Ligand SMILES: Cc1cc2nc3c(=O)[nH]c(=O)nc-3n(C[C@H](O)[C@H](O)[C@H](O)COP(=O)(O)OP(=O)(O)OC[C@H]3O[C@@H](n4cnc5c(N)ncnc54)[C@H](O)[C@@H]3O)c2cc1C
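Just one chain is shown here, as structure tokens, and it is the form predicted alone.
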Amino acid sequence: MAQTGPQVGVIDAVVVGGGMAGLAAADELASRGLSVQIIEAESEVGGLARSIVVGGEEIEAYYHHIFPQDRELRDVIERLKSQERLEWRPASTAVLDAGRLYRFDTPLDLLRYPPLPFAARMRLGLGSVVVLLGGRGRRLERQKVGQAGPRWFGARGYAVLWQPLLEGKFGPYASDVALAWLASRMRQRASSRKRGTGDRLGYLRGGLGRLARSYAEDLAARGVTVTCGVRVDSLALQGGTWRVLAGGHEVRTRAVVACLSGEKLAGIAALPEPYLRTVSQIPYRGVVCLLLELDRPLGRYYWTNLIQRTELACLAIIEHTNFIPSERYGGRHIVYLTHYAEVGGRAWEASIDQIVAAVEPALRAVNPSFARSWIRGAHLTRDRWAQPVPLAGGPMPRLPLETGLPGLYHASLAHIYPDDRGVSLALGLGHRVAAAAGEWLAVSSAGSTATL
């Protein structure tokens, strides 16, 4: 998407980043009657919700589904008249442990989980209930899951179930993650379950990338300038306005809403030392996601968490076409292999062949007949800033939207804490940061008028 129209003079706000948070921020600012420009470095809006095409149908480059409680996302879908594309389907879950698959959809499945003795299952289940009912507040923010997890869930239950999943997601930081993050993640999954029947999840036909483009088109029709394929090189406060340099061009604006990671923001703006120190304390994990097009089904579950270790630490096998029919994708069966990785490490640098080879024992455990000849297409995507690490006692619980510079506001995945990243949460964050920026603009405008 190219720029929808030139901006001259000083505009009210520039939104840096055209992911879902950036789109929502522009929406909020425009709804307040402000002039807004979005500047997105990639060729299209959407961020982590971007799409590719398989079998003539758009699909997310990274797996996505919609939870029933995702109110912000459902509101956007309805407003953009896309609700006829939203469908709700059951989604089955399993864990793969020591070469065996175990269904893991309901609390009863936990009580039947053979790798744990009965007493350990009961302890794990009781601890989970306690966390779900009372696991909120700063008390959990200060507790490291590696220390508190065995006390809450039992040493055996934590070691068998939670520890491998946390290590797959956070690597060397796993034991230092705040227990509050895990409690929030558990509540999110529990909210999608109804009457013991497992997950009921939503999917938007054509993918969320298509929705993001529709959102940008709607914003453009309302007067927002949307510029894609242009990277912001610098932000500088000069004479009471912000000078935004992007792609060799300059934009002057009263306020900037930066919807990107703290490290990226620090690379283009001279942040005040307190805020720079705060965002610099948040480590990030990158995501490496391989989408495989198979000519036949792999297994019978939608989502399989890998408790057993694999080379390159694959976290899950997600068979999308056990959720959405393969006919949508020209008969291809879609499998995502997801890894959270240190940038520059083996998993981050791995090729398609290396990833398949590393995960092949797990694929054969799901289906002993699996052969590489089943693979008819493969799409590898990476994102450097996919997962902030919510360290216990770290800065994320109190990370402000205000940077300390007048008119510069910041919204990143780290601001969603204690929740895990998600499209609906990003939309809510975008509205929240834009509301703060909008209020500042209103107050600053009133102050300027009063001095005339």
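Note that the structure is predicted; figures quoted are calculated from it, not measured. All residue numbers refer to positions in the sequence shown, first residue = 1.
Beyond what is shown, the protein has a form predicted together with this ligand; the following relates to that form.
J.: Answer yes if any heavy atom of Gly17 is within 4.5 Å of a heavy atom of this ligand in the predicted complex; otherwise answer no.
T.: Answer yes; at least one heavy atom of Gly17 falls within 4.5 Å of this ligand in the predicted complex.
J.: Is Leu413 a contact residue for this ligand in the predicted complex, using a 4.5 Å heavy atom cut-off?
T.: Yes.
J.: Answer with yes or no whether Val389 is in contact with this ligand in the predicted complex, where contact means some heavy atom within 4.5 Å.
T.: No, Val389 sits far enough from this ligand in the predicted complex that none of its heavy atoms falls within 4.5 Å.
J.: Can you tell me if Arg112 lies within 4.5 angstroms of this ligand in the predicted complex, counting non-hydrogen atoms only?
T.: Arg112 lies outside the contact set for this ligand.
J.: Which one, Val54, Leu405, Ala41, Ala30, lies within 4.5 Å of this ligand in the predicted complex by heavy atoms?
T.: For this set of options, the contacting one is Ala41.
J.: In the predicted complex, which of the listed residues (Arg296, Arg231, Arg89, Lys81) lies with a heavy atom within 4.5 Å of this ligand?
T.: Partner contact (heavy atom, 4.5 Å) among the options: Arg231.
J.: If contact means any heavy atom within 4.5 Å, which of 231-239, 121-129, 325-333, 212-220 contacts this ligand in the predicted complex?
T.: Every other range fails; the passing one is 231-239.
J.: If you apply a 4.5 angstroms heavy atom cut-off, which residues in 29-65 are near this ligand in the predicted complex?
T.: Residues within 4.5 Å: Ile39, Glu40, Ala41, Glu42, Gly46, Gly47, Leu48, Ala49, Tyr62, Tyr63, His64, His65.
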